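What follows is a single chain, given as C-alpha cells, in the form predicted alone.
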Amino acid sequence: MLYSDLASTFDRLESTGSRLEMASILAEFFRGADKSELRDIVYLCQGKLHPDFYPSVLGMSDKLVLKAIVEATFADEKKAEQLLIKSGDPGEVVVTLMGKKKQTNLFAFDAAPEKGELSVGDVVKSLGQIEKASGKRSQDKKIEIFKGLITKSTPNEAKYLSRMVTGRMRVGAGDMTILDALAEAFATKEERPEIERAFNVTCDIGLVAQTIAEGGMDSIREIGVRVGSPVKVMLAERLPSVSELVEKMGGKCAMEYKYDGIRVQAHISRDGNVKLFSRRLEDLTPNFPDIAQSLRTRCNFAEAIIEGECVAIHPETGFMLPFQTVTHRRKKHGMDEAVRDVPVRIFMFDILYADGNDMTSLPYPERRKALESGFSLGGMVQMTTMKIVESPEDGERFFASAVSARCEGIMAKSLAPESVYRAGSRGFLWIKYKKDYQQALTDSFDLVVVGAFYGMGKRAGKYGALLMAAFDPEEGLFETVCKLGTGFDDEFLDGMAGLLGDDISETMPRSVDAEMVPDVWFEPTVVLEVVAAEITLSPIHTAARDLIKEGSGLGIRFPRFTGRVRDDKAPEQATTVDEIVRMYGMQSHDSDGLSSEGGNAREE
C-alpha cells in the first residue's frame, strides 16, 4: 500500500470532529488494506511503530527534524526556525517550505507525480531505523534517514511523517475509535465488547487489528492473557461510607488495606526474566530491580502475572512511608543510590495468570488463594492485609486499623461467584474507601491539564493557573471541570513551563471540549491530583453538559493541587466524567447551585 493513501486518510480524519465519522473513515480504509499490513497501519495511525508497552520509542527532537527538513528542501535555516516558532508544528513547516520551492521551480518535487512512491513498508522500515539508531553518530544517522524520507515524499506525506517522529501525530485515532472501526469493518456492533476485551488483556491494538482481519471473531475470542503483554488494570468504584459499601456488597465482603504506593503488574517468565509495568504501561523494572529479583526468587510458579503495590518502608522502623517517598524510585538516574536509600516492599493483591492458566475468569476468593499459595512470602514480598467482614461495624474497625497502619484506606472486594477480574473496567466488584472521604469532598481527582492562564503579581511571567479536564471515554473527549490556581509551591510554578512545554497547541486540541478559553492550550498529556470542596452545576464547564440540568455542566469548587503529578497515569486513565457524575450524586447539595466560576455562584 502506498503511504500517500494513508496520509489522505489522515487528512479525512483531521477534517471531522465526530468520533463516529472518524471510526467510519478508518473502517472503510481498514477493509481495503492488505491484511498483512494492517498491524503496522494501526500503529502508524497513532504515531507509533509498536504497542505502548514496547521499550523503544519513536522520537526525534524538533531540532533534528528541522535540520533534516532544511537539508531536504534547501531552505533557509533561520526562516525554518521562525516558521516552527510561529506554528509549533513541524508538519506545517515542511508543507510551507516544500510548497515555496515548487513555486520557484527549483525543487525536485516539481517532477514528482501527484502521489508519492513511498509504501507503508518503506515508511515502517525507515522509521524503525531511526528508532534503533544509536552510538556516537546516532543523531546524524537519524537526520540522514529522515531526510531521505522527506525527499521521497509529497508535501502531504512529509507533513504527517514530521508530526509522527516528533510525537505530534494527533489525528483522533485513539484506542476506542480504532476499536469502533475494527468492529464496523470486520464484525458487528454487538461484538464490539469482545474486541475491546481482547485489547484490554493484551494492550496491543495492532495485534487485535491483525487478528480480527485475518481470523475474524473466532480468533479474537481465543486471545487471552499472556506473560509479556500487560493487562489493563481493573478499577474500583467509590461509595461515601463503610456502611453503604458493606450493604452494596450484600452484607459480606473481603476488605484489604489500600496502600499508598505505586501499583505495578509483574510478569514473571519461564526464562527467569521479570518485567514490572506501571498502570500506564511503562517498564518500571529498572526502578525496582530488588522487587523483580525477590519476586522471581519467591515465586513457586514457572510463570505468572501478579499485581501489587510497591510501598516505601522506613529502613529502621519498618513503617510504611507516603507516596512521595516511593516516587524517588522513579528517577532516571542514580538508581543505585535510590535502591539503597529507599527500601521498598511489594504487597501483592491479585494474580491474573499462572502456568498457562488465565486466572482473570476465576472469582476473587480463588485468585486470592492461588496467590497466597503461589509465593514463599517474606522479606520484600508480602500479601496485602485482608479480612472477611460481615457487618458495617466490622468494616469500620478494619478501616481504622488500615489508617493506623498508615494506609490510604481500604479496598472492598466482592466474594460472589461473578467476582472475576475485569481488565480495563471499573465496577462495584471492587469499591474503595479512603481516609480522604472523612476530610474532603469524596476523593481526590486525577485531572488532565488542557490549558494555562498567565499569572499576575508574584506569578507574572509564569503560568498562574491551569484549565483542568476529566475524560469522557464514550466521546473520547477531555471535558473541563475547573480552573486550578491553588496548591502550587514556588518550585512547581517555576517548573510548570518545562513540564507542559512540549504539549503546547496553537488552537484548542481536537480531543478537548471547552468553553473557557485559556491563554495557552495544551494537548492532554499531564495528569495532576486535585482535591476540592464540592462538585456543583457550572454554566461554563463542559463535563456532563446538559446531563443533570440543561445548559449546565459539572465543575469542582475550590480545587487545590495536592503536589502529586500522576506520571503513573495516562491521560485516558484520569478521573472520568461518569465518576464525577456519580460523586456529584453522592453529595448532599442544592441542585440549583452553580460553580463559583459562573456568574450565579452559590457561596457557603
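What you see is a predicted model, and the numbers here were worked out from it, not measured in a lab. Residue indices: 1-based, along the sequence shown.
One more form of this protein should be noted, the form predicted in complex with a small molecule, which is absent from this view; the next part is about it.
Chemist: Does each of R270, T297 and L371 have at least one heavy atom within 4.5 Å of the small molecule in the predicted complex?
Modeler: Result no, not one residue of the spot touches the small molecule.
Chemist: May I ask you to check whether L235 falls inside a 4.5 Å heavy atom distance of the small molecule in the predicted complex?
Modeler: Judged by the heavy-atom cut-off of 4.5 Å, L235 is in contact with the small molecule in the predicted complex.
Chemist: Please tell me whether any heavy atom belonging to R545 falls inside 4.5 Å of a heavy atom of the small molecule, as the geometry stands in the predicted complex.
Modeler: Close contact is absent here: in the predicted complex, R545 is far from the small molecule, nothing within 4.5 Å, heavy atoms only.
Chemist: Can Y463 be called a contact residue for the small molecule in the predicted complex at 4.5 Å between heavy atoms?
Modeler: Y463 lies outside the contact set for the small molecule.
Chemist: Does at least one non-hydrogen atom of I130 fall within 4.5 angstroms of the small molecule in the predicted complex?
Modeler: No.
Chemist: Among K152, R345, R279, R168, which has any heavy atom within 4.5 Å of the small molecule in the predicted complex?
Modeler: By the 4.5 Å heavy-atom cutoff, the listed residue in contact is R279.
Chemist: State the residue from E309, D472, E534, D204 whose non-hydrogen atoms include one within 4.5 Å of the small molecule in the predicted complex.
Modeler: By the 4.5 Å heavy-atom cutoff, the listed residue in contact is E309.
Chemist: Picking from 57-65, 564-572, 546-554, 26-34, which part of the chain touches the small molecule in the predicted complex when contact means heavy atoms within 4.5 Å?
Modeler: The contacting stretch here is 564-572.
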